[in-house]
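Next up is one chain by itself, shown in structure tokens, the form predicted alone.
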Amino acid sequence: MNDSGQNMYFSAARAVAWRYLHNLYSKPAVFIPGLVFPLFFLAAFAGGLSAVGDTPRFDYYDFTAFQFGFILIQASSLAGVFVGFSIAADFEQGMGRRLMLATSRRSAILLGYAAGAALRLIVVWVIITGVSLLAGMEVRGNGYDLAGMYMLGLLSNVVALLFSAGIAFRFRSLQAGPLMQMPVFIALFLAPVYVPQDLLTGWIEPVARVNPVTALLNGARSLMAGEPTGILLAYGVAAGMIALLGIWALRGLRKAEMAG
């Protein structure tokens, strides 16, 4: 791709990102749900279940910080899912076809949505982090640890976005919303949400052990504590899911292109 083609490609991606963000912030009903969910779970888990942190063998230094690791991954993932909703709505309303006609390399559309999702995520992070700190969360990680933790959040966002985008491109209808949201919710809550992985018992223990979200959660929590462990595994799992779901999303984009 020459310089002119490259400029057109990124120009198209920027236009898609700008349109997504403009629609997002001009319609509170679209933006607020993605923020309310994490704040609700933060209040319910870090507040209502704080006594769990006093149970024997719960060796994480702070229960609010422990739950923040989950809220970060959850909020980042849900932000990606809500982008899938926007993609489906655009195609349902005919805008998706217009976007297809506006660019010769359709992957720029997916890149634009991904860029918009990342910029949206910054606002979500600022709010949930601020609320958590006001709630008394103790942070032990240094700047590098926290940067690594938020990077895991960003990778979680990309994973969820690619998954939901693949569905949105194939169905091109908001009726496919549950297909985007429910698998992500199930994966999140089949991980060590309330207690460390070592304290899980019953059927959920082997499920959580093979659940890729567990690696992301454990990595984020270890970085928050300033004691990084399992980081290579967390990043490796995220990279593998992005590679597989990137193919899934691009093939879905191809199906949307063929559908006209």
Partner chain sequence: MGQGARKAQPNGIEVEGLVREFKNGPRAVDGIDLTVEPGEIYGFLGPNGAGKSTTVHMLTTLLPPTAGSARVAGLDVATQGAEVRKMIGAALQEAALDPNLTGREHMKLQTALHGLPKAQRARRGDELIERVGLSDAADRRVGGYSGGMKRRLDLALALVHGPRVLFLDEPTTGLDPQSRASLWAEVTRLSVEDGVTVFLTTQYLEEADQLANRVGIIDAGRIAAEGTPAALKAEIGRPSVEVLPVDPARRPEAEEILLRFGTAVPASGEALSVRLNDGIEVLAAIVRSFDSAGIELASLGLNEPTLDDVFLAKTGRHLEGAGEADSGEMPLPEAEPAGAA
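Positions refer to the first chain, counted from 1. Source: prediction; values computed, not measured.
Beyond what is shown, the protein has a form predicted together with the partner chain; the following relates to that form.
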Exercise. Of the listed stretches (88 to 96, 75 to 83, 125 to 133, 156 to 164), which one has a non-hydrogen atom within 4.5 Å of the partner chain in the predicted bound form?
Worked result: 88 to 96
Exercise. Going by a heavy atom distance of 4.5 Å, is residue 104 a contact of the partner chain in the predicted bound form?
Worked result: yes
Problem set entry | Contact of residue 111 with the partner chain in the predicted bound form (heavy atom, 4.5 Å) | no
Exercise. Are any of the heavy atoms in residue 174 no more than 4.5 Å from a heavy atom of the partner chain in the predicted bound form?
Worked result: no
Exercise. Does the 4.5 Å heavy atom contact test between residue 27 and the partner chain in the predicted bound form come out positive?
Worked result: yes
Problem set entry | Output flag, 35, 211 and 217 jointly within 4.5 Å of the partner chain in the predicted bound form, heavy atom basis | no
